[in-house]
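Quick heads-up: it's one chain on its own, the form predicted on its own, in structure tokens.
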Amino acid sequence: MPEDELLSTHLQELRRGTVVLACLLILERPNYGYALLDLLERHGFAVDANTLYPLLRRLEKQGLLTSDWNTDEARPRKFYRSTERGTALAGALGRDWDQLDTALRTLKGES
């Protein structure tokens, strides 16, 4: 396997779970898909729509997100938000992420 392909594969695996956590955190406030894509990108999570929308559907099916259509404007938009269960999961994932970050910094000799 070429080095760039190997790196790409491992980066994808590394980032997969972090996108879930990022979505749950951002969606503590209601937002719609396109705005979520923009927010994720601005915060360093490059995700394309073909990945995000299936993820949102999966999280909703798991009871971690809920959604409502806003038809007040000319263009109806589906707004998502974290449920209580999603917020609790984001807290647990965030704590685990902090522990992993500390462990990795120790391994790298930073602390």
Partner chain sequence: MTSLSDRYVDTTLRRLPPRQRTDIERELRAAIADAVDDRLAAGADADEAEVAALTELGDPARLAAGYADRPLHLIGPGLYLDYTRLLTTLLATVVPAVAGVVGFTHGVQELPVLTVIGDTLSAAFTTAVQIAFWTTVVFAMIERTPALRLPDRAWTPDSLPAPPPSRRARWGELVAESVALVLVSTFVLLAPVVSPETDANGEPINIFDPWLWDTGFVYVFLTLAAATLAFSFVRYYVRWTLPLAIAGALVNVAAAVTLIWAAATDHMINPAFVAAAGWPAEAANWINVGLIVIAIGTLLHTVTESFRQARLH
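Bear in mind that the values here come from a model prediction, so they are computed numbers and not experimental data. Numbering follows the first chain given and starts at 1.
FYI, the form predicted together with its partner chain isn't displayed, but the following is about it.
Within 4.5 Å of some heavy atom of its partner chain in the model of the complex lies at least one heavy atom of Lys78. For the chain shown alone, Tyr32 is a contact residue for its partner chain in the model of the complex, at least one non-hydrogen atom being within 4.5 angstroms.
Residue contact with its partner chain in the model of the complex: Leu39 places no heavy atom within 4.5 Å of it.
Contact check for Arg85: no non-hydrogen atom falls within 4.5 Å of its partner chain in the model of the complex. Using a 4.5 Å cut-off on any heavy atom, the residues of 46 to 65 that reach its partner chain in the model of the complex are, in sequence order, Ala49, Asn50, Tyr53, Pro54, Arg57, Arg58.
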